[in-house]
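In structure tokens, one chain follows: the form predicted on its own.
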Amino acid sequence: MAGGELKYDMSQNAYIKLVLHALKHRSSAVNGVLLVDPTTTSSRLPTLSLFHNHLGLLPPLEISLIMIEEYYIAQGLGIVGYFHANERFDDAELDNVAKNIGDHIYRYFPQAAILLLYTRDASKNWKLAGSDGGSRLILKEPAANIVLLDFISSQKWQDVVDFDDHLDDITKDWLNPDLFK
């Protein structure tokens, strides 16, 4: 791309899943990772919801990253970014925990995106953290927000399982294979 611009294409389902995760835990900060096939430029692949409690605890984070690596490495996928939503809807800054996790991912993937969900202004619901204007986040499906409204009206956020939920009850599948069925 010209001028060193990076473009991150996010699929409709990836976008919806991140927002539903934040809606399920409205009074908590939430986070997760974005996955990509490093041999392509497409990021139209799964996103994984990680935590809604104790985002900064290292042992659960390490376990989740190891499990992600083991499960997805066989499929040729890798972590391409990190997403974070603050507990306050009007907070548009990454906290130190989010910055540290993002920095850790950045060490292994220098083009990693760190996304902050910002819900106060619907016209700017994502902030590409640290962006100097040379990076863009693009939703591939223009109707994503309409589909999201349908999921919200049906309270689909209740079906999102993050890694915290899985640690509390291992019968819950944190990969969410049936979320969009």
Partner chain sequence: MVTKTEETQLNRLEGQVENGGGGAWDYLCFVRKLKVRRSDKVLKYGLSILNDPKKRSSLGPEEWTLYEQVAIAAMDCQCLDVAKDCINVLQKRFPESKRVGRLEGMLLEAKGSWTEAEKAYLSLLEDNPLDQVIHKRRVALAKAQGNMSEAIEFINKYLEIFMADSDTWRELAEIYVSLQMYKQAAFCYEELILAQPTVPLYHLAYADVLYTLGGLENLQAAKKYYSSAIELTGGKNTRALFGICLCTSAIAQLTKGRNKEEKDSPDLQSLATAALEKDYKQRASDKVSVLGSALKSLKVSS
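Please read all numbers here as calculations on a predicted model, not as lab measurements. Residue numbers count along the first chain shown, from 1.
The form predicted in complex with its partner chain is left out here; the points below concern that form.
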query	finding
Every residue of 75, 153 and 179 near its partner chain in the predicted bound form, heavy atom within 4.5 Å	no
Any non-hydrogen atom of residue 67 within 4.5 angstroms of its partner chain in the predicted bound form	yes
Proximity of residue 146 to its partner chain in the predicted bound form, heavy atoms at 4.5 Å	no
Exercise: residue 168 in contact with its partner chain in the predicted bound form, heavy atom 4.5 Å	yes
Non-hydrogen atom contact residue 88 with its partner chain in the predicted bound form at 4.5 angstroms	yes
Residues in 51-68 close to its partner chain in the predicted bound form, defined by a heavy atom within 4.5 Å, in order	54, 56, 57, 58, 59, 60, 62, 63, 66, 67
